[in-house]
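Quick heads-up: it's one chain on its own, the form predicted alone, in structure tokens.
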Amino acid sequence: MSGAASVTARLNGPARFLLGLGVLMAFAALGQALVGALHLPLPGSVVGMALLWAALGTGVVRLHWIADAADGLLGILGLLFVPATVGFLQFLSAGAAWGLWLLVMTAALLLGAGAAGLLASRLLRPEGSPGQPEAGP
């Protein structure tokens, strides 16, 4: 066991969780800072995740440093979707106002796809198949 691994192994569960959460939050903050400084058209959390992935791949960050925090966050992942679900439910009334337009667009999409499929099946029918006129002399 390396020196760093032995240090984290001696920590109790909550301390390992806080250490891992600190590392994860530091990478998220670093990603936000890079996006803000460089005006990148990406979410800062995605940049932070890419940086964390690179750090894990190069060995700068060890997996056991963040394992407890990552497992803890994955355990409550469903709870993290509650704000997004509540936001979606607030816009359900807007969906009712757009219902007619959605119905028209869906019908147009199905009609267009059906016409294209019918046309393709008639044009791509192999020669000599039933329904195909025979070539005369």
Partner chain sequence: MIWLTVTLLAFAAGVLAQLRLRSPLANPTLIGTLIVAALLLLTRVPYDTYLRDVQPLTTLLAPAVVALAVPLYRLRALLARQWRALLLGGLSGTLIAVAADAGLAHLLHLTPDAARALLTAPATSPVALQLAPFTQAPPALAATLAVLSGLIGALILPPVLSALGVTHPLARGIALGAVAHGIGTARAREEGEHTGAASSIGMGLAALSVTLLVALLA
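Numbering follows the first chain given and starts at 1. Keep in mind the model is a prediction, meaning the values are calculated, not measured.
Not on display, but discussed next: the form predicted together with the partner chain.
Taking the partner from elsewhere, residue 12 is found to have every heavy atom lying beyond 4.5 Å of the partner chain in the predicted bound form. Residue 93 falls outside the set of residues with a heavy atom inside 4.5 Å of the partner chain in the predicted bound form. For residue 37, no non-hydrogen atom is located within 4.5 Å of the partner chain in the predicted bound form, even though that partner is not displayed.
Interface residue remark: residue 24 is counted as part of the site for the partner chain in the predicted bound form, having a heavy atom within 4.5 Å. Residues 21, 24, 25, 27, 28, 35, 40, 41, 42, 43, 45, 46, 48, 49, 52, 53 of 17 to 55 are found to place at least one heavy atom within 4.5 Å of the partner chain in the predicted bound form.
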